[in-house]
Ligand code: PMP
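Let's start with one chain on its own, the form predicted alone, as structure tokens.
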């Protein structure tokens, strides 16, 4: 194909020609530098894909090609099988060991026998099953709220709820360490969205003092436990700021339910706050609650409004019955066996203090089951992770660009089922690798 032919082709024709060249493993035509020839690229010519390939090549040169997408066998508990070998597992957020608990498995199987494997419709249509309301009632009772609504994905729960509740005349202020689902919800909403410095309620207060009068609604979004550092906000101070400026407050409790508080009821229990002082309690079912999905808990009016209007619920299939039943049983076990929470706290503190005693940097982690071992080098993280796996310990590195290079880390998720011997042997293995 010559330049003259290319010049007279439509966009559709150019796209078809490019596709054919790719299939034939040929290079696309290179127009003269002075000619403005429009070529519509496919995915593998895009800048995003090119950047991805460069990043993958760089990390693979450090030895990262075998560190991700580990195929594990069996239940993802404190131990898991990798390539036929049992290893100590620190890469799962099955914090309380309930994913795989016999009663949880039995509840899921019975739900399949009764309702099948899918709700097969959105709940507002014909996908409503008794098990959905049983779970929502159990969540509300456990959280101490009037009601709750469950959705099919934790990520989608944040994205869709924030994107739906706020609009272009509104203001969203979110912690700079907020999960991607929160940030995407902010962008989806069309609202003015600003990040405030991590856990700095003073900075939040200053922004609201300067900006609140310009907007109709204001929403503050924080997390119960931050998944990279294992720390959490001073909730009472955020509640004071929220009240002062007549803003709404939303808390993502993905990593704090089942972890914080004497009985695992999250950051609200940890600080002893009035549940009504937080407008939107959000959480996931995939961690302590042994299943998959997300939920919003709050007042009955809030929940009713969301069930009839939020796109991620109205236009999505209902939670699979087995998933709903599994989480409902996990809540029952958690409520009746708070010793699981105290054991998790004991294990986490043991490991965190063992690291600090050796002068290792675990950042601001406290009172949570997430402990980062900050090594400050992506290459070092990859090497140590690889050596630990050789020693029978699975922990996944978090490297640049997911975090700044000087905070590259190994992230340990602690379980209530980890034994003291497993934690001690892991500390010894880390010492041998550093």
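Since the structure is predicted, the reported quantities are computational estimates derived from the model, not experimental observations. Positions refer to the first chain, counted from 1.
There is another form of this protein, the form predicted together with the ligand, and it is not shown here; the text below is about that form.
- Annotation: in the model of the complex, residues 93, 252 and 287 each come within 4.5 Å of the ligand through at least one heavy atom.
- Considering the ligand in the model of the complex, the lone stretch of 152 to 160, 343 to 351, 273 to 281, 130 to 138 in range is 152 to 160 [heavy atom distance within 4.5 Å].
- Residue in contact with the ligand in the model of the complex (any heavy atom within 4.5 Å), chosen from 199, 323, 148, 181: 181.
- Here is the short version: of 227, 192, 105, 316, the single residue with a heavy atom within 4.5 Å of the ligand in the model of the complex is 227.
- In the model of the complex, the ligand stays beyond 4.5 Å of every heavy atom belonging to residue 175.
- For the chain shown alone, residue 268 is not a contact residue for the ligand in the model of the complex, no non-hydrogen atom being within 4.5 angstroms.
- In the model of the complex, the ligand sits within 4.5 Å of a heavy atom belonging to residue 223.
- When contacts are judged by a 4.5 Å heavy atom cut-off, residue 293 counts as touching the ligand in the model of the complex.
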